[in-house]
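In structure tokens, one chain follows: the form predicted alone.
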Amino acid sequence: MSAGTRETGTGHQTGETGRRDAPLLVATPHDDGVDAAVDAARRVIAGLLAAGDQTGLELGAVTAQLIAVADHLEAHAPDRAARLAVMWQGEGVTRHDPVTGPENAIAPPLTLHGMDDGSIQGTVTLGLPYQGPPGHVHGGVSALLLDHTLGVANHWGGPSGMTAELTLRYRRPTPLFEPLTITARQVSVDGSRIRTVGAISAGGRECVTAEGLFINKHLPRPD
């Protein structure tokens, strides 16, 4: 259930759209710290899927190393409540969501840009971790990308809120290993009800389209 990239964010920038004092749409990744470690973890996930069990690789040592890393991280992690509070502190975009978050190894990550016409757009290429049908993107992954992107479009175009309904039409299989263009725009606001549309396209052809109904409401941040 998407609520865009922020709850009460007020971060701003002057982006490539030429729109001054524009709200930040995604977090900027860092070259060190958890962002760098997460980027390495994405490579590990993709590498394990690419290697599989048929390559003749001895994966016992790899498993031991990964277990050691996981044990080290778990031993030094703060308690859950403290970590959640840190994740949601301050104002502006989040860094942990599973679509654009540089702190989340599940995220491809997708980068989104606000356009002068009020829409948003991003490009991403998905690999084996996101496979559903052979050589193509899992339908649930498409839904995740569009739910989040529609939420960000609300933040860019007007009031934002939480997903109440998300209707998808799968027009053709969405390919892996090819650039995908993801677009969204807010189309109407009626009181607390926000309607937004979006699409995933490949090679100039729509693969998945979405219509969303959002409610202008947000959950409280942990503290």
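Residue numbers here begin at 1 and follow the sequence given. Between two forms, the rigid core is the largest collection of C-alphas that superpose within 1.5 Å. Owing to the predicted nature of the structure, the values given are computational and were not obtained by experimental measurement.
If you look for the form predicted in complex with another copy of the chain, you will not find it shown, but the lines that follow are about it.
In the predicted bound form, Thr63 approaches another copy of the chain with a heavy atom inside 4.5 Å. Remark: Leu110 does not count among the residues lining another copy of the chain in the predicted bound form, judged by a heavy atom distance of 4.5 Å or less. Another copy of the chain in the predicted bound form comes within 4.5 Å of a heavy atom belonging to Glu74. Using a 4.5 angstroms threshold between heavy atoms, Asp53 counts as touching another copy of the chain in the predicted bound form. In the predicted bound form, another copy of the chain lies within 4.5 angstroms of at least one heavy atom of each of the following residues of 188 to 223: Leu219, Pro220, Arg221, Pro222, in sequence order.
Put the two forms on the same core and the Cα of Gly191 is off by less than 2 Å between this form and the one not shown.
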